[in-house]
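The form predicted alone is given below as one chain in structure tokens.
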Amino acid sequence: MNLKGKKVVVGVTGGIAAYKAAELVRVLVREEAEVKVAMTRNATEFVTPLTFQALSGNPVIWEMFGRESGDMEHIAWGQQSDIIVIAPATANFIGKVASGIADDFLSTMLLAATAPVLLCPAMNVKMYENQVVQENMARLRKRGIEIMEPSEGQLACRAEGRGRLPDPGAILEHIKSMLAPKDLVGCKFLVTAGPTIEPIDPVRFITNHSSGKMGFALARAARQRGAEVILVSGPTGLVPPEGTRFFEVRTALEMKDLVLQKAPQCDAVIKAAAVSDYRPKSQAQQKLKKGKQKLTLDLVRNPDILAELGKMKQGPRPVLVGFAAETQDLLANAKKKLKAKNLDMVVANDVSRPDAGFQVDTNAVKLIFKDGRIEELPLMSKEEVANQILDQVKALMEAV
């Protein structure tokens, strides 16, 4: 989901987590959204309006009748924006909104708003668990306001529990999910990502350079567009996209077992993982010590998961999409893979390029179809590539 040109109002209320709102504004601006910030008077005790003005590039409003507030802006901001995000939302502010109280700019703007609203509560765990707060949030949900569950951990008051404002990246993902077109609702996707690792001994293993970024981008984009998503990934260190069913595996054999179990239930399978082609024939039970002689590894082939999926495919579903990461003869190798594995589409990319492939945030790919069509995508972010791929998968599902 691209936020370029989207009008986002960030509301900041008076809690210690207000400092995180500054980072949220920064990441929204980096996504090229048009950001305006409204604050409660108490919020200015934690972060100054000047901070948000510098980050957003727009004037900040914190007083209903202050010089910074123009005529009817409490109506214009709430009705001319694409989304309103309150982060952090304190227990006091949640109570005011639930009761229809409009005694400052931010609460008045919400009462007049027609844009979708996302509340991100942040407070002490006992406050969050208080029956009144829970009832107020339940009332707001019934009115169509989205509420993002707070994170769990150590709070500013040094208590442990649920009440932390989610990381700005997680809030950004939730915003994108709310604004994305829901054209994949009712569809079930299986996406694989990352490398597999094949142990040599308890310390060493064979692997590859896959970071998992492309597969995670695909899973995230499909979820944002309303699909039910199963994400099966090798070790990456990436945070699973919100709302996906995440399974982490290590070896090719583990990935094979899980993928073949889940695939028949899905409408589409997108195999973006870089599965190791070979594994050591045997694994040493203890760490192999360095000696004077050369060490020779006896390797055996791993099963070809994508080929097995292609053999299982009897009808139009699931739509099968593979990736061909090549360093030479890109089109020839990709077309060969498409035919040999009974795929509906293959995504071919030249991983020898420094700006595409493994470990980077951009990609340039060619989409090759069973009917011979080839569509070349220019260099773009992996998120944009993911949505282009999903557009084609959607078209393939609708064609049958």
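Position 1 is the first residue in the sequence shown; the rest follow in order. Predicted model, so just to flag it, every value in this text is computed and none were measured.
Although it is not shown, the form predicted together with a small molecule is what the next lines describe.
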Checked 27, 351, 367, 47 for heavy atoms within 4.5 Å of the small molecule in the predicted complex; positive is 351
Among 325, 165, 84, 109, just one has a heavy atom within 4.5 Å of the small molecule in the predicted complex, namely 325
Which of 32-40, 369-377, 52-60, 356-364 lies within 4.5 Å of the small molecule in the predicted complex, heavy atoms considered? The stretch 356-364
* Any non-hydrogen atom of residue 184 within 4.5 angstroms of the small molecule in the predicted complex -> no
Quick one: is residue 209 in contact with the small molecule in the predicted complex, heavy atoms, 4.5 Å cut-off? yes
Inset, instruction - Using the partner position in the predicted complex, report whether residue 219 sits within 4.5 Å of the small molecule, counting heavy atoms only. - result: no
ask   = Within a 4.5 Å heavy atom cut-off, is residue 279 in contact with the small molecule in the predicted complex?
value = no
